[in-house]
Structure formats: structure tokens, C-alpha cells
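To begin, one chain is listed below as C-alpha cells, in the form predicted alone.
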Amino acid sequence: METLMVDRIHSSLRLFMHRNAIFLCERLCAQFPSEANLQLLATCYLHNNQPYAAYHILKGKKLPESRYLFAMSCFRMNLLREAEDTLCPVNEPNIESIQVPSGATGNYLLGVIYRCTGRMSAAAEQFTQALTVDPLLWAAYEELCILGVAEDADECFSEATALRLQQEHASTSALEKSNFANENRILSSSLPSSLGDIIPKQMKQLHANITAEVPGYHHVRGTALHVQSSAASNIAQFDTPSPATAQTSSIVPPPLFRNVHAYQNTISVDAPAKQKANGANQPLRRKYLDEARLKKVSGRLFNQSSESLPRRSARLSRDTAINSNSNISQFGGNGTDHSSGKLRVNSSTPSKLCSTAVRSVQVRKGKPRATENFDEGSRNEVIDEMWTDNEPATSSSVTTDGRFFEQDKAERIMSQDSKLAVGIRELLGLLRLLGEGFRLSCLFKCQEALEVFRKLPEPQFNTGWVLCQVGKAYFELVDYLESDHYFELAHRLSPCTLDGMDIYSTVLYHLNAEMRLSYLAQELISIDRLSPQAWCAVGNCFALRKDHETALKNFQRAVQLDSRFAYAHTLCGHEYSALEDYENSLKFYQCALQVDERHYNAWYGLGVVYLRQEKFEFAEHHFRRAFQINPRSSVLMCYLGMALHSLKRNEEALEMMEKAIAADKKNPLPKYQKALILLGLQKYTEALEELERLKEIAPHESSMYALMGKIYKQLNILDKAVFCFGIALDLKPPAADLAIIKAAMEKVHLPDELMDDDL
């Protein structure tokens, strides 16, 4: 009953019938109370998104699996301190001997807890340990990349890792083979005495289970062998395995009758000439087997008379051999007639198992049950005589077939090992490319990351995850058109994938694609209204329309749905900054950094706020922190140069602007800021040359013409100054700049000391 209920519970979980699994598991725990069953119930609760229920039933439990499930419940309930104490207790006397439960997954969960509580070095240590235990735990390597401390993918997924995985698989296979051999030994020694007292109805059920469970393969479920015996020892041998191991390790114990058909397939039968003489007896036996009644069929093999005692060295009579062959072939062929021929047994088949298979169906007819338990020695003698009787005719064929079978078996093993080695190397090769591309992307080495991703096979490249990573790389390179192209491909290929769609909405925001952004937001909301990415897209849609208050509400909704979503905090900070509410803007930027201290957008936002508040030292500090995280961003270089220029560190500022221009020649901002710095250094000619180069990139920028007009005024070229101021006004500058440009144009003929220095 317990095994059946456990099987049904696991089946319900596989089919996402969580309520049914919970109901059955509650009945299981009531009928068979054990910690292993409580673990299964907690698993059902976690699958049904009820971590509080799992927390309640597992509190105080000490088994490793219970501790892991309890820690997972605490993590989902945001009880991070209690989850950490469960995984790594600090008050235990032998704390050094206590290991994190569940191996690599336990280390990974502990690393996530450390990261959420700001202990990045400890988190990196746990993620590294998780990868050491399980090199294929991609989530751990992904977290290391996000922390910026991941080693090269070539080292993590190296050839040494492949050899280690092969060795682990070989040791696992050897252990399974050892367990299999032990089961066969137990089966061969215990099955005859256990089956001696089986009543015909039980024998029928056993035979029906075997033939139904294994029609053509040797995969037999462990539940197919429920044999009941009057002896207590026999019951213990065939009792259902305890579900504790299966529940804690999710590995089903290997079946007992796994090699029944391996034995049956080694038997081939050719009819002797005198077999037809006993043909009248065969239909009767087939009738009994076909009707699955398995009554006590009379057989001459073990029904010796008192005057014909079994002789170890003597041959059996022809009829006895025929009857025994008939019984064996009927057992091996599910009732079909394979009784014509001689018996051939492969030399690699264990003799005990062969005799076990023979004896398992030899139930005599017409004798009381007490007489069916014949002497074990007599049974061995009769079986030996049967093998002796067939030796002269089959010795050469057995030897030949055995040698061929052993050779074929060795070739199959070598082929399987070579296929396994090739498979491991192919998988690690794929992970190397994906891991290295993701690592470089997290280090903002976007051009190198793109080159790695292009090396992927076409089926792997054309997946949603890879295309989103490529789109993010182009986004960091400020190539919004290419980023839009790859994000659109990813969304078209996998329309229900939400990861990365927040960045995609920002790309459309920068491209001023209002209609497409609105459509994307509506589509994401229709897919999942409870995803923060969807509400970030809605917020960007309103931000593009300059409706900052409505955009702020949508970004706050994203934060409410997932407080660990750093980008939503940053977008809230941007909107507060646009509303000139710098106090709240600073709060949200700091919240984003608490979630992810490598989120350079938040450091940039703090720098912009302090720059507007004219706190230039603070601005320079935060811009530099952002620049240390993303040292290839032209925008960050430019703003850091602006902060340095405000601090009157013009040489450093000029050097940083040169770097920004070299990093992105299409970015007009560093060229404009360089011209401002040159103007402050009174290098008017160089400033005009830089503005002329800027005109080729951004010919419709009003602030550029206004600055050129100011420089011409300083050079006393008044007609060109008036001309530039006029062009600036024609380009419809913002309202704040409009009044300044008009005032400068009106005062162009006044001395320089009477001019306002607002431009």
C-alpha cells in the first residue's frame, strides 16, 4: 500500500496534479508516519506554492533532505537568516563535520542566500563549491558570471572535467552492476525455497506480472515481484523496498527480475526426431499455460517413482528431457510452442539463475503441498543431469556461441563508452561557448562576447536565450538598431519568454518606436500580468510620452511584484530624477545597488543626481564606480569627464573625453563636452574644429550651433556668431535653452563682460 501510494504521488507531481498529490500524501503520512514521507509531503507543498505548509511540517527535522527542503521553504518565504542557519548551522558542536545538504544544489542555495544578504565573496565560494561537486550545474556558473568572478569557461568545462565525468559515470555503472549481481545472487539462493510454497493462484499472478511487464525488454518494475511466502525469511527477502531511499534520492531501486528475458533469449530449441511421439502431451500443457491457470502440471522431471531414484551421473530418459524442455520453452515464450528442439544455454548465463528460472515453473500435479517441497539436493542432481544430458550434443555450439557473445558484449561496452565520451565532450564544448560568451557579456566585453556567440551551431544560436544575449550585447554597445533586430528575432522565435524583454522595451524607448513599444507592452501583459518585465515595458511606454508620473506607477508595480529586480528600481530612480525629486531618486538607486552592486546603471544614476545637485566630488565617485564595472562604455567615460571638468581637473577631463570618443565614434556627447572643455581652456580653434566634426554626426543639434556662436563671439567674428545663433533657434531647442539663446543673440554686440555665461 505504501509503495503504491508513493508511486501515485510521484505520478501526480509529474503530471502537475498538485492537489491530488497533496491529498494522497496526507493519507500516506497518516497511515505510515515517517520523516521520509514528510519530505514527500513538503515537496508536494512546495510544488503547489505553499512554502509555509512545508515550513510547518519540517521545522526541527534533522535529516539532510529535510534540512534542504526546509531551507528552500524559508528562502521562498524570505526568511533568509533561518534558511542559512538550516543549511549551515553555527551552534552545532561538530560544525566542521556538518556538510551542506543535497550536495551541489545545497551549496547553490546557500550561495544565493549569501548574495541576497550582500556577502559576495562567501556567495562566490559556495557557487564555486557547487560547480566542483557538479560541473554541469549551469546556474552556479551563471551566478559567478553575474558576480563578475567566474573563471574562464575553458577551465571550468575543460578536458579534465570531461575525464572526471566519465570516471563518475564508470563508477556509477560499476556500482549498479555490483548491486545487480548481488540481487541475482540473492534471487538464485532464495527464490526456490520461496516459490516452493506458492499456491497456483499466486504463481499465475507472478507469471502474468512477468509476461505483462516485460514483453520484449528486460526492464521490469520492482513492484512486479510481490511474492508472499509462509516463511518469515522469505517475506523479508521479497518485501517491498522502503520508500525512504527513493524519496530522498529520487532513484528507483533496481528490479529483481531484470535479467529474466536475458536468460530466455539465450535459449534456442531444435526438435529431436522422437519429439513428435509425445506431441499429444504438448497441447494439454499449452492449454494450461495459455489459459494462465498454471495448475499443478505433472512433469516427469521431478516426479520420480520410488524405483527410479535420481542419479547424478546417469542421463535422464528421452521423455524426461522432452518434458523439461517443453516446460522451459513455454515459460520463456509466454505460452507459445517452442518445445521442438534441444536446449542451448549461453555460457555467460549464470547457472544458478537458469536453474532458478526452471524451478520457478515446475509445480507438480497430484501431490499435496507438503510433498512439493522436495529436497534441495535432489533438485540440484536432477538439474545437473539435465545439463549433462545435453552436453555432448551442444558443447561445441555453447563454446562458439559463448565466445561470440562475449566478444559482442565487449564491443557493445566499448561502443557505449566511446559514445558516452563523445557525448560528454560535445556537451562540455557547447557549455564552453555559452559560458564564455555569457561571462564576457557580464564583464561588458561585448564585442568579444559577440564573436564567441557567433561560433555556436546554428540550432543553438537561433534560440531565445542566445538571441537575447546578443541583443543585450548590442544594447551595451549603444547599437540600438542591431539590438532591436536580435531582440525582435528572439521574441518572434519564443514569444512567451520574458527574460530580457525589459531591455528590449528600453531599446524601443531609445529608438522612439512608440507604436511598437506600446504593442510589446500589451503583448507582455497579456502573457503574464505578474511579471516585472511586462510592467517595465508599460512604464517605458509612458516615459516615452513624457508621462513620468504614470510611468513611475508602472515601475513601482514591477518593484512590488519582484523586489529583487534591480532594473525596476533603477527605472523608478530615472523617473523621480526626471520629476526632479532627487531624494526619492537616490533611494531607489540605492535599493537597486542593494540587490545587485554590479548594476552600473544605478551608480550612473546616482552620479547624475549629484552632478545636478552640483555635488561634483560625489558625482565623480559614483561615475568612477560605474566606469570600473563597465570600462568600455562611452557614456560613462563622458559623464566622468564632465564631473572632472566641473572639479576644474581639465586635463584629466580632456583625456577621458578622448577615450570616450575612441570608444564610440558615433556618440556626439563626448565631442560636444570636449569642445566645452577646450573653450574653458581658451583653445577656441581646437574647439571649433571639434564642433565641425560633431556637425557631421549630429547636424541638427541646436546646442552645438549655440556653442559655435559663443566661440565666434569670443573670436569677435560677429556675423558668424549671429548666423549660428539663428540656426540654433530654427532647430527648435528646448524651452529652457530657447530663452538663453535669444538673450545671447541680442547681446552679441555687447562686450564679453556683459554676456551671461550660460551657454
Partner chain sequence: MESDAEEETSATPTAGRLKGSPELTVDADMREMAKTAAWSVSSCKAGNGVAALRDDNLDTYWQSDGAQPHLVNIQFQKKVQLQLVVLYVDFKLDESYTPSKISIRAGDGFHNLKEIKTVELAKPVGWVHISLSGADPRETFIHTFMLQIAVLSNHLNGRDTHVRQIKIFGPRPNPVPRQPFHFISREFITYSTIR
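Between two forms, the rigid core is defined as the largest C-alpha subset superposing within 1.5 Å. Only a predicted model underlies this, so the values are computations on that prediction, with no experimental measurement involved. Residue numbers count along the first chain shown, from 1.
There is also a form predicted in complex with its partner chain; it is not shown, and the following applies to it.
Screening R693, H700, R27, K720 for any heavy atom within 4.5 Å of its partner chain in the model of the complex leaves a single hit, H700. Distance criterion of 4.5 Å from any heavy atom to its partner chain in the model of the complex singles out S646 from the list S646, Q556, Q129, T497. Among residues of the shown chain, P734 is one whose heavy atoms approach its partner chain to within 4.5 Å in the model of the complex. Interface membership of T161, defined by any non-hydrogen atom within 4.5 Å of its partner chain in the model of the complex, is ruled out.
At a distance threshold of 4.5 angstroms between non-hydrogen atoms, E614 is in contact with its partner chain in the model of the complex. Contact check for L511: a heavy atom falls within 4.5 Å of its partner chain in the model of the complex. Remark: none of the three candidate residues (K59, C74 and E151) comes within 4.5 Å of its partner chain in the model of the complex, counting heavy atoms only. Residues placing heavy atoms within 4.5 Å of its partner chain in the model of the complex fall in a single listed stretch, namely 658-666, out of 658-666, 557-565, 151-159, 116-124. Along 36-68, no residue reaches a heavy atom to within 4.5 Å of its partner chain in the model of the complex. Once the cores line up, the CA of G60 ends up less than 2 angstroms apart between this form and the one not shown.
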